[in-house]
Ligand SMILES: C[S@@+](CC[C@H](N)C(=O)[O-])C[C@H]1O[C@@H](n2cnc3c(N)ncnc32)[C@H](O)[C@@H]1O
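Below, in structure tokens: the form predicted on its own, a single chain.
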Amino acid sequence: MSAPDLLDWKGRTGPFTIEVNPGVFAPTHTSRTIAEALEIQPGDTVIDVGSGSGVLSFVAANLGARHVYGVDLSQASVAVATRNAERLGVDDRVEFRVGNLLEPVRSIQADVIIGDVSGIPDEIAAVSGWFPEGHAGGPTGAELPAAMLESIRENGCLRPGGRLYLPTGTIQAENSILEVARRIFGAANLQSLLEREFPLPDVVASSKAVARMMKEGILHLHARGSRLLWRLQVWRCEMPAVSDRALTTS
């Protein structure tokens, strides 16, 4: 058996080394930005949706979470993340489950949800090669994040006063995601914590899919010199009390 591929995480709470492989989504600029934005209190219960190799679960554990549940649709990702938890000595606090969105953690009520599911339009994902198993965000990149938000509402797995950390970007139909978030959490309970800009790889920027989606108003990119840039935002969405929630969904 060949030795596993290893990656040195140098983001928040690092450095630490994790296993990655070609079939598992590896940490990205988005992962590092979300890690910077996370607010974890000692003793928090955390759910990490779309956990991939587990890196944000490990950041949450290092920040003091009592228990972290990582969820991913990919069996390969869960296997790698579980080995990473053992490698880092946090397997007593960090557990990974296979399944779609929040289905595997329906019985858990969390203080924090990390909502880093794929939000890239399917056509762009196919060009980029960013998603090893082809799991992208839907035709506009908003469909899967919106489904994740609806899953939080339906499953009731975020306690009142709990916090969702939600990345959105101008490389997707961002306003569609934020409309759902405002309906569920209430506009007053959404706060933008961080913004970062990143260049698109040339193979993506030059694709017909990007040109068409910009023309259709799905993507909102801007040029800097010869590069196309997209903006990432990380939002804190606070779950209102039950009495307030009726007002946000009415």
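Note that residue numbering follows the sequence shown and begins at 1. What you see is a predicted model; the values in this text were computed from it and never measured.
Unshown form predicted together with this ligand; subsequent notes refer to it.
Note that among 22-30, 60-68, 192-200, 208-216, the stretch whose heavy atoms approach this ligand to within 4.5 Å in the predicted bound form is 22-30. When this ligand is considered in the predicted bound form, only one residue from Val127, Leu101, Val90, Ala146 comes within 4.5 Å through any heavy atom, namely Leu101. The partner is absent here, but in the predicted bound form a heavy atom of Leu73, alone among Val180, Ile108, Leu73, Ala79, sits within 4.5 Å of this ligand.
Proximity of Glu174 to this ligand in the predicted bound form: non-hydrogen atoms within 4.5 Å are absent; the residue sits far from the partner. For the chain shown alone, Val55 is a contact residue for this ligand in the predicted bound form, at least one non-hydrogen atom being within 4.5 angstroms.
The shortest heavy atom separation between Val117 and this ligand in the predicted bound form is within 4.5 Å. Of the residues in 161-197, none comes within 4.5 Å of this ligand in the predicted bound form through any heavy atom.
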